[in-house]
Structures are given as structure tokens and as C-alpha cells.
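Form predicted on its own, single chain, as C-alpha cells, below.
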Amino acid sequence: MTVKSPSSLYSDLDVRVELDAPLAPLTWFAIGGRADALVHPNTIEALQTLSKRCHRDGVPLRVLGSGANLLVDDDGVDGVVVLLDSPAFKAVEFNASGHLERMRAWGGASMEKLVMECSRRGLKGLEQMAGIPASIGGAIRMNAGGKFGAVGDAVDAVALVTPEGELSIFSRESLRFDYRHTNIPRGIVAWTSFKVTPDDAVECRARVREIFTYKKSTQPLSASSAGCMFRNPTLADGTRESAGRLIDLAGMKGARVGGAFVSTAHGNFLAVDPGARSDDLRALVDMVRDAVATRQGVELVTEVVFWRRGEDA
């Protein structure tokens, strides 16, 4: 569905709108097409109303975070894409009032910056997220994490803008965080409160540096990729296997389709050359998945989100 008449959706709201907006510069792959409408809400009320109207009119509504875990189709996407980059959605409130909160970060805030600020202030609880690029909302939605833990380990509460435009708050007791999954229903993460504890600032900074150094030494962070393409699968015996190791065993390191290739440094990092197309990367994903299924007997599931015109948001 192409947004042809914005008046019924957002012309009277406190938002900034870009029509036919390029999305490639906003993603880590830096490839892909355009959004029919890229909307930047300035207030939570505007976001709630926009969500309600899109739901009412059947207009697809997608949320773009830091773009670190996203592949946009070459033909772009229809409907409305929301980017929470206004000051209201990038705010972080330390020692916020209210029984649920100690530190509250809004959905568009940077996880990387939050980790560094916590370490500077001597607040312990989010060190495991060092070196993981994400917006707060995106990290919560997929329970982002790695070898040292996940963001869900520190969550105290989550506020969600529902498709109907309501603001619902979920306490820790009602939340479940599993590997790259949460039980949070559909909607837009407005803010998250985190459990953090005062600690020695020097030790906090040292821990963050230690984790980041490890990531830098084991992952090709400079490549034009979105980090790990596939989730680490659970095997028949219940153990979780490294997707990168399976890809390596399948002989797929260095494999290439057009401008997309599998990193020789880490099999689960699929990267692109300048000028590559999304179709190249999609074809490479299928090739890698087929090779691992054939040679290792394991079905890989993508961790990266794919956006395509005409598909459900």
C-alpha cells in the first residue's frame, strides 16, 4: 500500500515527514530501496495517534531503529516507517521517579551510548551490551546480546505503544526473555527501565573495555554487515550450536553472490561491497542456509530482519 494522502495519517500531528525517503543510508548494510513515508514523531502522543490511525486504516507500520539488524528490499517498503530520532525518544533519565524505574531509556536512545554513560557513572548492569549496536527499542524487541549476556538480564519494565495507540506498561514479572526473543506483543517500544546498581566507575569502564576488545578481536566489526546473520540453532540434544561454526564446516566462508559475501573472519557475518543489491544478499542467505541444511542437517533461522514491499510489517 502506497501512502498517497498523508493528511488522514499525520498531517495534523507533531511529526516530521519525508516522502519517498531513502533507507539505505540509515542501515548498516547501506543497501536497499526507499520508504513511501518516513515519519519522525516528536512526542509520544503523536506516535500513539499515528499507530492508531495506521492500524485503523490497514496501513503497514514499521519501526526503524539503528539499522544494525535490517535488510531493506531493493524495491523499498510500503506504508509508514517510523524513526524515533527526536530528542523526546532519545532521552535517558537516571534515577527516574516511580516504583518501577531506576534508569529509564526511551526507545530511540543508543544502546552503545547508554552502556558508555553507565560505565562513566559507575552503574553496573548493562556491561554485557558493550559493542552491540542497537537502539533501545530494537535491542528489547529481539533481546539483543551475545557471549556475555543479553539486554533482558537488566530489564525492569517496558512501555509499549500498542497498534491501537494505547500505552501499556509491562513489569518484569510479566516479561519473558529468551534467546533473541521476548513475549512482548506487537507494538512500538516507547521506553524501558533498567535495573542498575552503583559500582566502582573504574571497574565498570574496565569491564566494558574488556568485552569490547573481545568482540573486536573475534568479529569483523569494520565490514559492511549487520553482525550475525543467523541465530545460533538449538540441536536435537538441546544444546545450542554456533551458526558461524556450522557455516564454516559447510565450507561457506568466502562464498559470494554478486556484491554480497560471507566473511572469511567469521562465518556468521555476511557483508556487502559498495553497490551491492539486497537481492544479492538474500540469494547468499539462501545459499548458506541450504549448504548448512544439506551438509550439517541443521536449519538456520535469520537473526537479521528483512523488509519487503507488500509483506506484513
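On a predicted model such as this, the values are computed, not experimentally measured, just so you know. Counting begins at 1, following the sequence as shown.
The next section is about a form of this same protein that is not shown, the form predicted together with a small molecule.
Taking Cys204, Ile188, Ala154, Met103 one by one, only a single residue has any non-hydrogen atom within 4.5 Å of the small molecule in the model of the complex, and it is Ile188. This chain is drawn without the small molecule; in the model of the complex, the residue among Gly267, Pro41, Gly32, Gly65 with a heavy atom within 4.5 Å of it is Gly65. In plain terms, the part of the chain that comes close to the small molecule in the model of the complex, with a heavy atom within 4.5 Å, is 127-135 out of 127-135, 194-202, 113-121, 170-178. A residue is said to contact a partner when one of its heavy atoms sits within 4.5 Å of a partner heavy atom; Leu19 fails this definition for the small molecule in the model of the complex, lying far away. Although the partner is absent from this view, Met142 contacts the small molecule in the model of the complex, with a non-hydrogen atom inside 4.5 angstroms.
Not displayed here, the small molecule is approached by Lys215 to within 4.5 Å at the level of heavy atoms in the model of the complex. Residue contact check for Leu84: one or more of its heavy atoms lie within 4.5 Å of the small molecule in the model of the complex.
Annotation: in the model of the complex, residues Tyr10, Asp14 and Ser51 none come within 4.5 Å of the small molecule through any heavy atom.
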